[in-house]
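A lone chain, given as structure tokens: the form predicted on its own.
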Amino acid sequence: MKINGFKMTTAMAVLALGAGTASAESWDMPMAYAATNFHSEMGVVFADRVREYTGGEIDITVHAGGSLFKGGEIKRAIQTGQAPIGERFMSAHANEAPLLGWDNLPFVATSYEDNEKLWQAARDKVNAQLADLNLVALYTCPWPGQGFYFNKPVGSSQDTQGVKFRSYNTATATFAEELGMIPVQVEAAELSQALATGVAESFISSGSTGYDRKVWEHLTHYYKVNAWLPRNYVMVNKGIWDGLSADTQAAVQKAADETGADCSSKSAELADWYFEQLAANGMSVEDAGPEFLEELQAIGAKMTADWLATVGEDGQAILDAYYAD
């Protein structure tokens, strides 16, 4: 007999059964962002709900801030069963599976309502892609809209040449290159150090990351662009998921559906608050100027066209469904 992956002797199994713990599973859940970030806080809510709805059958321990696996290691850890469950932002995997960049199409879905509509258009195809990667998505949650952080005023691409730009996926690296910047791969947990040491001088993200990392200690300007609302997703190893009973799956999915809805609401609630906090700590927070925004929109159109050329019919089907109404 096995409990939590370990063989047990008959005597041990009898003792475990007598204690009522034979069917309990302990799951470690790595997450990349700080424990105080709303995604991580919602991960804890999810774990509590799973524990409640499964009657303690599954006990999830959240490991925030990349403490168990670094952000870039989380998907692989879950695919291979090193961890049964975890969270990562979906577009981080677009270099392996370009379809998963569906949420990083610049200026396609720039509101929470449109982002949800785009997710519903993409959901079935995304889930099919994840199944091929031995993953199952339990819930997704959007970040607030993405804008640019700089250590100086920026009015156009003339001001961005040679700037070292923290990228977190292929889309952000492309943006950097198109603006004449130098992309450097930096995980969120390492961002403060990268800014302090000059490894990075700029990045695109929501107000959330800037607030979490106190970037006002190193940067001076935030430009609201709302280019896209990237989604994090909580994923589980498909083999482990398929091994659960139908009742347990239903209980976990109930917890996931409720948490995903609450997390999306929390994201929308915090979006403007983050801007207020950046400004309160001395940063200039303003809309991107017309020349800069026009350049960004032109880059965005090119990136969407490139994505469609790479993904093909599935990508076109997603956008057709999104624009159908």
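The structure presented is a predicted model; accordingly, all values stated were derived computationally and were not measured. A residue's number is simply how far along the shown sequence it sits, counting from 1.
What comes next is about the form predicted in complex with a small molecule, which is not displayed.
Not one of T140, Y233 and S267 comes within 4.5 Å of the small molecule in the predicted complex, counting any heavy atom. Although the partner is absent here, A176 lies well away from the small molecule in the predicted complex, with no heavy atom inside 4.5 Å.
Among residues of the shown chain, F165 is not one whose heavy atoms approach the small molecule to within 4.5 Å in the predicted complex. The small molecule in the predicted complex is approached by A188, whose closest heavy atom lies within 4.5 angstroms of it. Within this chain, S205 lines the site of the small molecule in the predicted complex, having a heavy atom no more than 4.5 Å away.
Contact annotation: the small molecule lies within 4.5 Å of heavy atoms from the stretch 206-214 in the predicted complex, the single such stretch among 152-160, 206-214, 126-134, 71-79.
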